[in-house]
Each structure stands twice: as C-alpha cells, then as structure tokens.
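Only one chain is shown below, in structure tokens, and it's the form predicted alone.
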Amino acid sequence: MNGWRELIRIENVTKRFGSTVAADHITLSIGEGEFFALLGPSGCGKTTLLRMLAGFETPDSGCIFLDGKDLTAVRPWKRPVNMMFQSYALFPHMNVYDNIAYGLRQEGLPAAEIDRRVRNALELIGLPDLAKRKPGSLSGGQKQRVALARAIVKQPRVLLLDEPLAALDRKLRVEMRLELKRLQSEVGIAFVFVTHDQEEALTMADRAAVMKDGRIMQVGTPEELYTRPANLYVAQFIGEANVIGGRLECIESEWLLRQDTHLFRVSGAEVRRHGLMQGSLAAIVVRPERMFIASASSVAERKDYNGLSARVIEIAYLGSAYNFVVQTDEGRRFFVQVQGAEGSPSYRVGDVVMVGWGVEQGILVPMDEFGNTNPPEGIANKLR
C-alpha cells in the first residue's frame, strides 16, 4: 500500500485464560487509516486480541504500541481508541442525538462543539432527520449507524468493531459492508474489526490476519490470502477449495505430486515459493472457478493441464453460474463452478466428463496447516 505508515504495533503478545492460550506470541502491525480484519472461527483469539487493543484485557506478556507509545498498561478510557460493540449498547431512554453526544458531554466539551460534531456525524451516517427518535423505534441498520456515529464522533485514532454486522440479516449485512467501507474512507481513521465471515473480510478489509488457536496463520491483502495462501489452513478457510494431498517428485526437471497411483503436474514456481523439495508432503489447492469441465473425449493430453475422468453427481443453479459436484472412480470429489449460466448446462447428473485445471491455476501449499513441510503421514491420508 502506497504511503503505508505503522500506527499499531503488537509485539510478542500472549494471553491465557487458565489452560487456554487465547493469544500465542502474536506480533502484528496495523497501518494509519487502514481497514484491518481479524478473521477466524469462534475461539481463535480474535476478540481477545481486540479487547487487549481496547484495554479491557491485559496481556500476560508482550507489548502494544500506538504511534510508538506503549499502551500495554494504559487504562481503556485514556487510550485514543473507541470500541463499537455487537449489541450496539445504545441508551434506550435517550434519543439518537443524546446517544451520540453522550461521550462528548462526559469529556466536558463546549455545547457548540458538541452540537457541531453530532450534526456532522448524523449527516455522515445519513440519519439527520432521526435525531429526536429513541433507539426502540429504529431498525437494526439504523441502530448500527447510530452506534457507529457515537464511536467516531469522539475522533479516536482507532475504531475497534467486534462482529459489527452479525446481528443483521443477509441483505442488510451486504448493504452495511459498503456503508462501513465508505464511512471509514471518509473519516480516515483506522478500523480494526473482528469477524468469522470470510466474505465480509474479503470485501471490506485492506488487509486481514487469519487466526487459529491464538496464532496468526497469515497476514495479507484479500487477494494474497485467496491466491497465495501461506499454508493449508488459510487455503481451506478462505473460499472454497478442492484439495489433493501427496508427496512431491521431480522427474526430468518436471515437478509432480504423487497421490497413490496418480501423478499431478505442479508449478515449479509454487514449489520454490514455499521452499519445498523432493519428497516433501504438499497439497494442491484448486478453486472451483479455476476448474474446467468438458466431455470425456474432448480434452487432449496436454502438459499444461491436469485432467481426471469423473461422473457428475450433483448440479446446482446459482443464477450467474452452475455448481457441479463430480466424483472419480476412486471416490474423490471435485467442486466445479461454471460462470455465465445462460440456458441449461451441457451436462446432466450421471454423465461421465473430464474435469481438471491448468497447472498454473493450482496453488501448492505445505501439507501441514501450520506450514511445515513434513508433518505426520496421517495428515496426508486424511486428504486422500
């Protein structure tokens, strides 16, 4: 990112709750004005990390810096940070205006300054006519906008959001993604948000940290996480994936992945990217939209493709595409997405077809979810 400047530095932070390690020696940088996501399943430690940024939890070890200043022991109300909760936490007895103004009044700002900021915030969230309404009369989307206005009206350096869209229905969630992104761009402050929804992170974040068991598996842009995952966990967590596990072989300068009696061509560049070598356990990851499906007799033997004979067992119409599930004689299943679904597909359930992918379309990753190149054989067996 052009002009990137570090705002937050989390340095070797660990946090335990009894025998559970919620944050395991985490080191992470977040930039000025960046929209950053902490992404992972429930229990991975993302909310604990957010609460440590807010000051509601204290690390057992490590430090948290903002603009180079150590905030690790600074109380929550003394940090230039604000947090928006999933429940919105609006005062039901106050109207919209007073809810937004509450924090500014607690700071003792002049009435004229409070009024200017609140009215600007109401314009920013598109609700200038609802200033006198009580929260009980607002829709879920309107409540969220008011909670957002209350958080940004204090002009924090960082806004923390814990699953901000979880309480909304799907249609409203999609609308609010665009709204949050627009607001963040307009106010120019860093947003750090927690989510378990990969689609949410991919569409909103400038960068994201994928977490598992209190550890960071990879940090990157949405495109990097999807097209260049660092390990098997990220490859499977971000988007849909067809996975083939096996052992690498190099025959006459060509890299291949052997799974039982099958050999699949892999990109030499992908082998080098991970520092893999002859005999390393690895997995090919192919996204469904990168797969092709064709009649069994129409695909000639080509060295830049991998192909398998399979039978169509399921077809789903998505409006803009068709999803196919196919199965080989050995029981291996592949998911194929064909875009541009004008009319009906050329294939039916029960048809024998050829499925495959271009060698350069296959993403190679170390077999172990943590990026190790030689995990126990049981992991390879699990993916066959």
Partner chain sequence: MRLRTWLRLHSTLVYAFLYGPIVMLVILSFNRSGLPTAWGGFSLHWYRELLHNEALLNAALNSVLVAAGSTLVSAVFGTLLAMGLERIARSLVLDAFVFLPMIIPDIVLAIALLSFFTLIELPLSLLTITVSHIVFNIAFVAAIVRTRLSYFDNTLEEASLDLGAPPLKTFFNVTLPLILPGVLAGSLLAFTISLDEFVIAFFTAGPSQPTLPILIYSMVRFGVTPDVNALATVVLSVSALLILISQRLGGTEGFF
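Remember, predicted model here, so these are calculated numbers, not experimental data. Positions refer to the first chain, counted from 1. For clarity, a rigid core is taken as the largest C-alpha set superposing within 1.5 Å between two forms.
Absent from the display: the form predicted in complex with its partner chain. The rest refers to it.
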Options 99-107, 196-204, 166-174, 308-316; stretch whose heavy atom lies within 4.5 Å of its partner chain in the model of the complex:
99-107
Scan Gln155, Ser137, Ser185, Ser87 and let me know which has any heavy atom within 4.5 Å of its partner chain in the model of the complex.
Ser87
Of the options Val359, Val325, Leu66, Ala54, which one has a non-hydrogen atom that comes within 4.5 Å of its partner chain in the model of the complex?
Ala54
Is the gap between Met94 and its partner chain in the model of the complex 4.5 Å or less for some heavy atom pair?
yes
Met83, heavy atom within 4.5 angstroms of its partner chain in the model of the complex
yes
Any non-hydrogen atom of Gly279 within 4.5 angstroms of its partner chain in the model of the complex
no
Tell me, yes or no, whether Pro128 is in contact with its partner chain in the model of the complex, where a contact means a heavy atom of each within 4.5 Å.
no
For a quick test of reading the superposition: does Arg157 move by 2 Å or more at the CA between this form and the one not shown, rigid core aligned?
no
Could you check, with the core superposed, whether the Cα atom of Lys134 shifts 2 Å or more between this form and the one not shown?
yes
